[in-house]
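In the structure tokens that follow, a single protein chain appears in two forms: structure 1, then structure 2.
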Structure 1
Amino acid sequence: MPERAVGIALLGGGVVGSGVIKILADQRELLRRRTGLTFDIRHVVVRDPKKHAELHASLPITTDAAKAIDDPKVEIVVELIGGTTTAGEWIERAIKHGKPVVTANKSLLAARGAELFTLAKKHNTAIAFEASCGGGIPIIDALSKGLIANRIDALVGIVNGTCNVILTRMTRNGWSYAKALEEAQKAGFAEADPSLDVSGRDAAQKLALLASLAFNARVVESDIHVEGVDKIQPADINFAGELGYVIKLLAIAERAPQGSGFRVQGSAARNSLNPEPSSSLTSMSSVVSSLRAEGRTLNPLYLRVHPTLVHKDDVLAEVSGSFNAISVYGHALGHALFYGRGAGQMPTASAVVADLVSVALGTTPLAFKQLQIFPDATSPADVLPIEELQSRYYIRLMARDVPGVMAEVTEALGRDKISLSAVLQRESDEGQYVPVVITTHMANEGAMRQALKAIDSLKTIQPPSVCLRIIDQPREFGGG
């Protein structure tokens, strides 16, 4: 096998960058034997070299990114600084030199993926981004190659390690939200700005990338309805447990069932469960006509990230700590589950090094050039408004324990054609406010918002009531 040394520049030597340095040093011989390649780190670009003096004493640490990127001995540029501004500028600089880029930066790709991919193609080079979603799980490779023969119907994932650590610790150890977040931060899972994680935005950015590949449609972060874990209360974790569920932050992209009535115009999908004025909806027939007029195929999607009650028997309920799992439903394959460590130094570095090998071997550049699945080559996704979603719901009301209160609540639900599946209320002193937990059968989200508004305006209810969605996988997504 012909052997080759590949010069690389590492932009960033933090959690993930240090993992890449470690794998390339410790596994140099294994990589050489398996691939015929050795990787020479020619520059490690950081903000504060003093921090790295001891740890990376033998490495070429620098603050001069331009020199590192422009170095003719650097063949591949690895961007691991995060953020969108500087990272974007440096990636552009590398691409304009015709140098392929490996990145773990989902924020940047979710915001500017199409533009950067177009630029890369113009300069006859490529962007590899396996580490951007699911940490060490090869989900990008699976969606762009292994599952290429499938029409994907749904993708349901736990894709944020920080949120999963928080929910796992709150559920299993009874920890507070703050203590659980601190653990994720200490372990290096959380983003530099952890509000990106807990607000659900990190998961939405990953979903945008995964859904774009899965559905051959350009999805951007703002297409996705997002709710985070920052408002989850221990009471709801406990009630969910009593009912046989665990709460997980799920990222869900699914094709709308045949006959769904509406699609979004503009940004209607960006609401929270708190009822808001309904956005501009148009009927399906006018959508079909306008899409046809634009020469586009009808492929409406529901795209959402939110805390979800998942039944304890569901495989996703068992995914704990920093582990991620992505269930993919393909028409030919059926249900496939991709499971592994979704964050952290070494799992993420594993994906970065895999990309380095694929880029150096030429497989990523070839796929990048040939496959028409990346966001630069696809049309914007047709996104349905969350109000049109059909789901089961968990509601927790704080109700005054007085005669007639349940009749008023059930009347409000009944008016909006919402059927109850279970009701839970503990004994308490008469006249006090007590939690009443209700689960529903399948209902329309718009109707649920309307009913909640009516319930929260009752004199016997202390608003705001909590409302979370329940999913029944795989029945809902047609898997087996």
Structure 2
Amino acid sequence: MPERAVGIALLGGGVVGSGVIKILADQRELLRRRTGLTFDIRHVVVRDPKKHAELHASLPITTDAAKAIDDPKVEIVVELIGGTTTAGEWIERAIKHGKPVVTANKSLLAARGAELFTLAKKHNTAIAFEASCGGGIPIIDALSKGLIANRIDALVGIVNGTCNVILTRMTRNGWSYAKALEEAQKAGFAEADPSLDVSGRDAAQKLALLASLAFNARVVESDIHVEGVDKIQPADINFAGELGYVIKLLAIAERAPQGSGFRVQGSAARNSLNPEPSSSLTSMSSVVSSLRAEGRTLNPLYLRVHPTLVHKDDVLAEVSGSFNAISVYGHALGHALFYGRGAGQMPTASAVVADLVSVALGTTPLAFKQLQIFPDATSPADVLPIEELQSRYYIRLMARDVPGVMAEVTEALGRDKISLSAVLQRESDEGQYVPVVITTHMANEGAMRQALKAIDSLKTIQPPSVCLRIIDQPREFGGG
């Protein structure tokens, strides 16, 4: 096999960058035997060289990104600094030089993916981004290659390790959200400023990339209804457990009408990225008719990130700590589960190096040029309003223990055609406020919001009530 050296400019020498350096050094001979390639790191661009003394002394550390990118001996640029400003400028520079880019930057691609992909094709080069979603899990490769023959009907995943660590520790240890977050920060699972993770936005950015590939539609972060984990209370985790569920932060993309063999849910709280819903609900049929009238390709999707009750028998319920898992439902394959480390130095570096190999071998550039699945080549997603979803719900009320309260609650739910499937209530002294937990049969999202508003206005209810959605098991795991 003819051997070839490939020059690399590594932008960023932090956690993931140092992991890439380690793999390329430790596995140099293995990579050479398997691929016929050796990777030479010609530049490592950092902001402050003094902070990177741990890097190998022989590495060419620099602060001059432009010089590193422009070096004619650099064939591939690896961007690992994150963010959407400087990283975007450096990626553009590399692309305009016709150099392929490997990146883990889901924030940048979620915001400017179509623009950067268009620019890359204009300059006859490519962008590889396996490490942007799922850490070391090869989900981008699966969606763009391995599952290319499938019509994807749904994608449901745990894609944020920080939130999964927090929820796992709240569930297992009985901790409050604040304590679980503090411990996650001490252990290095959460940033000093965890807002991107705990708000659900990190998961939404990843879902935007995954859904774009899965559904051949251009999805951006603002298309996605987002709720975080920062309002989750131990009481709801405990009650969910008594009912046979665990609470997980799920990223869900589903084709409508549903064809995946399972039911997924709507939401009870508003997303700061989305406007408040209109008081007059738009019917599914009118949305579809409107899309057709506009002449748009009909590919209506539900897109959301939110805490969800997952049955303990569901495989996603077993995903704990910093692990990620993504369920994909294809018309031919059925259900496939992609599971592994969703973050961390070496898992993410593993994905970066895999992209390096694919780019250097020419596999990624050819696919990038030929496949019409990337956001520059697809139409904007037809996103259905969150109010149209059909869902089962978990509701926790603080109700005064006096006669007639449940009659008032059930009347409010009944007016919006919401039926109860179970009620859980603790004994108490008469007149006290006590938690009452209700689960419902399938109901309309907009109707549930109206019913909750009516319930919280009752004099016997202490608002605000808690409402979470329940996800039903895929049929493969339903015992049938």
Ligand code: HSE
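Basically, rigid core = biggest C-alpha set you can superpose within 1.5 Å across the two forms. Here the structure is a predicted model, which means the values were calculated and not measured. Counting starts at 1 with the first residue of structure 1 and goes up one by one along its sequence.
Source of structure 1: the form predicted in complex with this ligand. L397 shows a C-alpha shift below 2 Å between structures 1 and 2 [criterion: core-superposed Cα displacement of 2 Å]. Core-aligned CA deviation for A190 between structures 1 and 2: 2 Å or greater.
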